[in-house]
Each structure stands twice: as structure tokens, then as C-alpha cells.
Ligand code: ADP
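Given as C-alpha cells, the chain that follows is alone and in the form predicted alone.
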């Protein structure tokens, strides 16, 4: 039976229902999806590296004699090997191993292992390498390039490599067209030098298809009808007077752009970008005011309970003096409060509804929803955003992000949106001085913090882990809390992390805001939305583990009042070149857009925009940190294809592009 490229993936040998479910997590539903699932990098295992020449961050093939093996019993059991070559020794560490694996290693004399070199307990270590064991000293490795694929839990690289090898060996129907040979070559390239040109050929096709789909979504939206919010609210002047400050020129410009959109009978879809502290939320409040004056409701959706609670406080402070009722709906609320809130939303008593993912639920019925405001929009999936849109027919949408997005990403990923930028900070905001501090100087930093806290200022101390881990060599929030409590006994210190219940997190943040807590030890749960003007110090533990976008967001938690603020980036010695670049960039710049461009070059778009749902608005081949220069060509080509006569060769080319590159589940591109 011939292979159907767009049939079920279970056509492939060895793919049963269970494996098909795992592959579906990666968006791999059909054989053609697997063909398009290309390696994101290749490992060169052709050369054995001397152990003495290895540095932290290196990915290397090592070969040597097994000197010793032992099982270490800590928080998590691990198997440790000491391997020696003529130049030195290194440790291999396995946290997940069977007794058969242990016995096989103990029977062996030599090992070849490939993995990333890290410091663990101040010793060079490779954790969970791919390896082969030998009774005698092994021969030289083969010169093959090994593909590394995007994968998911329950699907190892070896199994994925076998599946991709199988798909490339099968006779392929004409549906793949000319790209098939290019795709096949990228699964198994003969040399690294040929890869960029092959990727570029396919990236142009993929970006063109994506751009066309995004523009198609925009065209479809322009055929829909929304409530035209034509009348501006007379309460806007009163809100401005109550604020005690005037909008910046940038805020006013963006507010005017939004007002013009809202007055049209077409559903607005506008992205508002603004750096940390630029004042996006008050601009959204003016938009909500217009929606309410025109007889509708506004819904504001936030990604966390903490941020939803803060938005609710702000909107109540701004709007309730104007006799506008605000309601908060979150999953952590009591059943009684949820019932009351749902009733007020349904009968229109609640004119502004603020919540988390709880707003998606079917039982949430709006009286007349005309405006949807989505904060930190990249943290929501498109399906989630659209489920809220469906509650009001075709409401206007205002989506906001405090994560500066490079222009390349904006013109590609958000081609279906109009974009506004608040590129000015409110007057009186103090600059934040940023310092890089080695862990060796930790004690001096604690002494300095003591003096700052004595002056009645407050501080954050952010850690990347909640508790100590045997797998990750980083300072945990729990151990940091214990150490700081001992070092600073006269100060009030508390711990905030993501495993706490929503109401506990909110209560703790409110206590911090009321200055009932001097120092808040926290995980990155405080990354967005937390506003404590008296907090002037931000210490970020193991800053080398975070990307620039996240570091910049965390730094933005201070400097929100009129006091000079500082950010300290604590790092472990032995930084990789990329980590040094990130920390230096943070020290030298407070420009979020500049830092986003640097992050794009260093880490790619996923780290800027946050985790996404599998297969959603993501690219299989195109990498915008590499292929940004292609966008002018992509746009020119796409516009020409869309403008072509429907019976022309260009129209046929466009159809082939969409058939090839649209994901199997492409609802997110055609809503």
C-alpha cells in the first residue's frame, strides 16, 4: 500500500497508538509532519576531545578508561563514573539508571560518551551523556553528523532518529514536490557547511506560507462586524484628574490609536508593546472606559493569579470612584465568590471582568462583551484567546506585552495585528544601576543589603529553583531563605514561589506591598506585573541561567518609585561566552528592545516569547534569529502571490506552499 503523506502517522512501521499520542504532542500527526520535523542542530562526534582541554559549556565526545563507579545517595540517587584519558579525568553522572545499566557499566573497562560539560560540585561533569561501553580501548569514531531533534517527554532521540531515517528512506509521492530532496538532505547532511543554504531555501517557503496565513486571518477579520464604540466617555477627563499625573506623549498616542480602532465597526486586533513600567495598563483602562460608556463590558485576562489580583486592585482604584463595577474571577476563589461573580458577569452588573484562565470556562457568560484585553499575551495559546473572543461574537481585542519584541518577530508572528509601541517611560522613574557579582562576593552583598533594609527600603532576592536539586547546580529559594534569615535576623523575610496556593501568593504580595515584609525571597513567579514602589533592590541568583528577556523583566520589578534602584546579577564562576555576553548586556543597557534583539541572536524567539503550545505559531525550519534578513524577500514574494490571478501559476504556487507548510491542526492560523 502506498504511503499517504497526509494520512495517519500509524502508517509507519513501529508506530502504534501509544507512540502516535506521544508524537502528537510535537504536532506530528501525519508522515509529512515527520518529514518536516527537522533537526534543530547537529552533533559532530567525529573527533575525541582530550579531557584536559574541556571547558564548561562544551559539547564533546570523550573516550577513556572507567576508573571507578559508585552510587551516590542524596536527595536523588545517582550513578557516578570517573573516566580518565591520557590528559586528565572527568565525571559522568546518571540520575536515572537501572541495575542492568549499572552492572553493564561496571563490567566494562572503557567508555565513549557524548554530552555537555558542566560544573557540578565544583568538578567538571557530564550528566546523562549518550554513551557506548567497551571491554578494550575503542577505535576512532565514525565521521557522521548526528541529528538532534525537538522532542518531548517519553520520546528519546534514538527512537526519533530511527523514525526520521525511515521516513527519508520511503518512496515519496509528488505532493512534497521539489522540497523533498532538500528535506532529506537536512535530516542527514554530509557536512555542516551545506546546512545553512538548505535551511534558507525552506525557510523562505515556510515564512511565506505563514505570512500568507496571518494576512488571511486579518482579511477574514475585516469581513466580520463588531460593535462600533463611537462615543468617547465623558468620564475619561475625571479619570485623568483622579490619577494625579498626565499620560506621557507615547501613552496618549497609543490611546488615540486604540480609540480610532474601537470606533470602527470592524473587530480591532491591536498589540501594544511597552517596556517594563511604561504604563500600558492605564491605557487599557481608558479603552475599557470607552467600552462601558457604549453599553458594553470589558474583560481583562492575565496569565497568573498574582497579576490578575493586581490588575483588579488597579482597575477598582481607577474606575470604582467613577461608579463602574469591577469583578475578579480566578480558579482559586471560593465556590460562593465564584457563583456571585458569575451572576454579576451574566447580568451585566460587572462592567469590567478581570481574571485568569478561569474566564475561558464555558460557565462564564457575559452580558455584552465588546472588548477583550489580554495581558502578557504570549503566555496564552491562540486557542485560549479565541475561546474568550467567542464569548462576545466578535469583540475588539487589545493585547499587551511588557516583553519588548524585536521588529523582525513582530512583522512575522503578528502580521495579522496592528502594532502600537509605548516607547517612553513616565516622568520621575529612576534609572536602575545593574551590577554583576560573583558568588565569591556574596557575603559583601548581604552586608550591603542589610544597610539598605535599615534605611526602610525593600528588596527582592530571586532564585531559579524552589528547593535544592541534585541535577541542577544552583542556589534554591529555600536554602537562600534559611541563609538570609540567619544572616539578617532583625529583618522580616518571607518566601514566595509558584507551588503556593493562589490566595497565599496574593496575601504575601499584599503584605510585601504594605511593607510588612522587608525582603522577599522568590522564584521567577514575580517576573511580571508585581508593583511595589518601595522595593529598590533586586538580587537575581544564578543569573547566568536566565535569558535577557527574563532578566530584564525581573529587573523591572524595582525602579517603580522615585528612589534610585539597583539590580545585582549573582553568577557562578566559569561562565560560558554566551552567559558573559548576556550579563554584560544587562549591565550596559536598560533598553528592552536592544536586549530583546540580543536575546534573539543568542537564544532564539522561543526564549523571548515564552513557552508556547506545541505546533502553535512556531516554525519547523525557519529560525528568526538566523533568517531575519529574509523577511523583505518573504513579504515581497507573499504579497505578489496573494495578488495573483486565481488561475495563474503564482496561485498554484501559493496553494502548494500552503498545502506543504500549514500544520495538520491549523485552526490557529485560520480562525
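Model, not experiment: these values are computed from the prediction. Positions refer to the first chain, counted from 1.
Unshown form predicted together with the named molecule; subsequent notes refer to it.
Note on contacts: among 292, 226, 276, 525, the single residue with a heavy atom within 4.5 Å of the named molecule in the model of the complex is 276.
Only one of the listed residues (93, 280, 270, 582) places a non-hydrogen atom within 4.5 angstroms of the named molecule in the model of the complex, and that residue is 280. Using a 4.5 Å cutoff between non-hydrogen atoms, residue 560 counts as a contact of the named molecule in the model of the complex.
Mapping the unseen interface onto this chain, residue 251 counts among the residues with a heavy atom inside 4.5 Å of the named molecule in the model of the complex. Looking at residue 357, you'd find every heavy atom of it more than 4.5 angstroms from the named molecule in the model of the complex. For residue 426, a non-hydrogen atom is located within 4.5 Å of the named molecule in the model of the complex, even though that partner is not displayed. Look at 281 to 289, 410 to 418, 72 to 80, 134 to 142: in the model of the complex, residues with non-hydrogen atoms within 4.5 angstroms of the named molecule sit in 281 to 289. Contacts of stretch 234 to 255 with the named molecule in the model of the complex, defined by any heavy atom lying within 4.5 Å, are made by 245, 246, 247, 248, 251, listed in sequence order.
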